[in-house]
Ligand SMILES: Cc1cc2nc3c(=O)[nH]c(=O)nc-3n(C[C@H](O)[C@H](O)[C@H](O)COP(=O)(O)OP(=O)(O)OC[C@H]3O[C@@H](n4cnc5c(N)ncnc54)[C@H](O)[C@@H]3O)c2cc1C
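One chain comes next, on its own, written as structure tokens: the form predicted alone.
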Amino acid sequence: MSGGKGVKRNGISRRGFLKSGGATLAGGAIGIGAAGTAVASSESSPPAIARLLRKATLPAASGARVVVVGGGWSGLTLAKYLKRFNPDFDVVLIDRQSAFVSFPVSNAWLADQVDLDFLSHSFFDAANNHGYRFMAATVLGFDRDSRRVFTEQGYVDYDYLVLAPGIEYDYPRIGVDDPEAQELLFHRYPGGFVTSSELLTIKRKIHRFRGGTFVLTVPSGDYRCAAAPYERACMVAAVFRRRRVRAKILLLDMNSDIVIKREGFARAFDELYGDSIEYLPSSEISALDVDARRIETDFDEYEFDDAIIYPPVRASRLIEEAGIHNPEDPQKAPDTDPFRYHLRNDEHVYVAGDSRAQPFSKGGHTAHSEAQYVAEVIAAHARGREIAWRSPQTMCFSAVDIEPLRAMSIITYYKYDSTTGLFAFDRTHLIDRWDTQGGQASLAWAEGMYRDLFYG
């Protein structure tokens, strides 16, 4: 018997391994108790399992060790600023990728406004320049009792753990439940917000498209970079115009209206791409046939020649499988203190970046701003202190044209309403007139951010 839910191979169930935020290796071969102690010798276990019980090959910690899971904008910022706010910390950043490729500004790359070197950077450079350690590995789970993180290269002990594992696509929310159909959809029509391979596939699509109907979707809920799908539609239309491809772009928005920079994007759709972009709000996707290339919404049905399907998103499964999520949250966000970012019952485990529960923008600048604060919170906690809550800052540039590059921008903060118990926008400055100055500012902003994350 193979495949099915709950099936164990070599005496190990992944669900059991991650249950309740701990690591449980069951089935008779090997186990980890509440304190993380091996209850069977690793010599008697299959090699892959024995490796989990060995300490990863890292130098001994020189101080309190902080393990950061996830090398995106949030994790990179955390690793740097943890060392800045407390130089005695021994910081280890773990990411399954061996190199960094930026999703912010990737739309400009799709339209040939920057090259791939602009988006690509080395985790080694970041670690060397900022004094922390980088480990290329996949995190399989963690045990909060023993304060231990498990990877396929062995375990790493921690004094503080910061989870910044990002987002995952939630295909069942658009009617795609079958694992095989999900895999086909992900590979053939990727959304472009989780892996760098998606970006490579999308660029090939838009530069080789011969004509016909090209579909892009905008998810509902809180998704990564609210403006990005609208910006991407503009970039795709601009590339088609430059290539003189006759195409109809259907932008299916699961929301009732453009969710950010509404007037600027609406004007771009009308004035720049009125003959190519058809914007369709309230297009809640109910089913999708990958082979037939057909999308069904609550009110209509659309066939397409090619597509970029961006479904609703959820927090990384690492959060849910560890049992630290809020079961009432449809996006499986963690149950954390909204001002301190740690689990409500564990001040040594924090969640930041796009997997966090707060409704702040899931964008690069927000992650960078927020992570500096979280790093300061952890550094203060290690010294027995607290700092006052401060809002992250969101800064977002959106390009709408490429000849020349023209963009608009928004800057905002957030405030907490103690009456409603909700966060809201605060001190928002919107420039929705797109121009070349905005286009150049968007690239200068990205250069400055990469410099801070990797070299400064």
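Residue numbers here begin at 1 and follow the sequence given. Predicted, not measured: the structure shown is a model, and the values here were computed from it.
Keep in mind that the form predicted in complex with the ligand is missing from the display, and what follows is about it.
Although the partner is absent from this view, Ala367 contacts the ligand in the predicted complex, with a non-hydrogen atom inside 4.5 angstroms.
Remark: Cys396 counts among the residues lining the ligand in the predicted complex, judged by a heavy atom distance of 4.5 Å or less. In the predicted complex, Tyr230 stays away from the ligand, with no heavy atom inside 4.5 Å. None of the heavy atoms of Leu272 is located within 4.5 Å of the ligand in the predicted complex.
The single contact residue among Tyr350, Phe193, Tyr158, Tyr189, judged by any heavy atom lying within 4.5 Å of the ligand in the predicted complex, is Phe193. When you look in the predicted complex, the only residue of Pro219, Gly166, Pro334, Gly264 with a non-hydrogen atom within 4.5 Å of the ligand is Gly166. From the list 380-388, 282-290, 90-98, 179-187, the contact stretch for the ligand in the predicted complex under a 4.5 Å heavy atom rule is 90-98. Heavy atoms closer than or equal to 4.5 Å to the ligand in the predicted complex belong, across 61-95, to the residues Val69, Gly70, Gly71, Gly72, Trp73, Ser74, Gly75, Ile94, Asp95, ordered by sequence position.
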